[in-house]
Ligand SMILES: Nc1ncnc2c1ncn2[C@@H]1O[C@H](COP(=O)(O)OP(=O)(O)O)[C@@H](O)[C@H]1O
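Shown below, as structure tokens, is a lone chain in the form predicted on its own; questions about how it binds or moves come after it.
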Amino acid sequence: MLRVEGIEAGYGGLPVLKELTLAIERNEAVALIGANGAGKSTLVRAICGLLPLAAGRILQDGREIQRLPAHERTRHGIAVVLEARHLFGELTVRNNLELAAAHGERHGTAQRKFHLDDVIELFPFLRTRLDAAVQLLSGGEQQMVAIARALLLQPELLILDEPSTGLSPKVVREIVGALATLRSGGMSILLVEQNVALAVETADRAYVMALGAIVRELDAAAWKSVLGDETLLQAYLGS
């Protein structure tokens, strides 16, 4: 589905990503883990078109997309929930979702269409908060709105950048449950996460990132036992 080949990118001439390669197949969830400063969010920004590449290619189903602007990549089925969420705080939850739904109706590429009822079923709290201003919601509620909004763009690949950061354990459990539901429906997911236990529960396999590069690729067997790999956790995650 998505392949990143030897990409390099950075800020103001300062390189961050270094000949980085990874792949996400259709209908699988892949985790990207690493300590703060590893370059995980920079990679997300490069994939979704918010950061230009200095070298390398990004391919979706064999088509090069690295030159497409960010809004065009959503039309090609890539939706991202950034760590900062970037919701319209002064608008209601309904308004935020309707804006995404309108875009998704025009440009969505997924075979299965998400509708407002689908995201409400996924996050039931939305039913009573649709007419509340987003800025009045808790951080956890805003995160769920951000995920719901991304789904209404009708993605084939959902990218989540540190979705559990700063959230209560209860909200994290709700998000994990929602991701499990999406996985059972065949959604492809790239989960960028420092919480390794959460990532193990959600993803099929993983890449470990450090200093702007992929330093380990963990297949399904190695990934499921990663919490017992103290050498890896200490070396790359500081756990």
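The structure presented is a predicted model; accordingly, all values stated were derived computationally and were not measured. For every residue, the number given is its place in the sequence shown, counted from 1.
Unshown form predicted in complex with the ligand; subsequent notes refer to it.
**Student:** Does Gln60 reach the ligand in the predicted complex, with heavy atoms at most 4.5 Å apart?
**Tutor:** Contact check for Gln60: no, nothing within 4.5 Å of the ligand in the predicted complex.
**Student:** Decide whether Ala38 counts as a contact residue for the ligand in the predicted complex under a heavy atom distance cut-off of 4.5 Å.
**Tutor:** Answer yes; at least one heavy atom of Ala38 falls within 4.5 Å of the ligand in the predicted complex.
**Student:** Within a 4.5 Å heavy atom cut-off, is Leu22 in contact with the ligand in the predicted complex?
**Tutor:** Heavy-atom contact with the ligand at 4.5 Å: absent for Leu22.
**Student:** In the predicted complex, does Val226 come within 4.5 Å of the ligand, counting heavy atoms only?
**Tutor:** Close contact is absent here: in the predicted complex, Val226 is far from the ligand, nothing within 4.5 Å, heavy atoms only.
**Student:** Counting any non-hydrogen atom inside 4.5 Å, which residue from Thr42, Gln66, Asn195, Thr202 sits next to the ligand in the predicted complex?
**Tutor:** Contact check passes for Thr42.
**Student:** At 4.5 Å between heavy atoms, only one of the stretches 52-60, 175-183, 29-37, 66-74 reaches the ligand in the predicted complex; which one is it?
**Tutor:** Residues of 29-37 come within 4.5 Å of the partner.
**Student:** Counting only non-hydrogen atoms and a 4.5 Å cut-off, give the residues of 2-16 close to the ligand in the predicted complex.
**Tutor:** The stretch touches the partner through Tyr11, Leu14, Val16.
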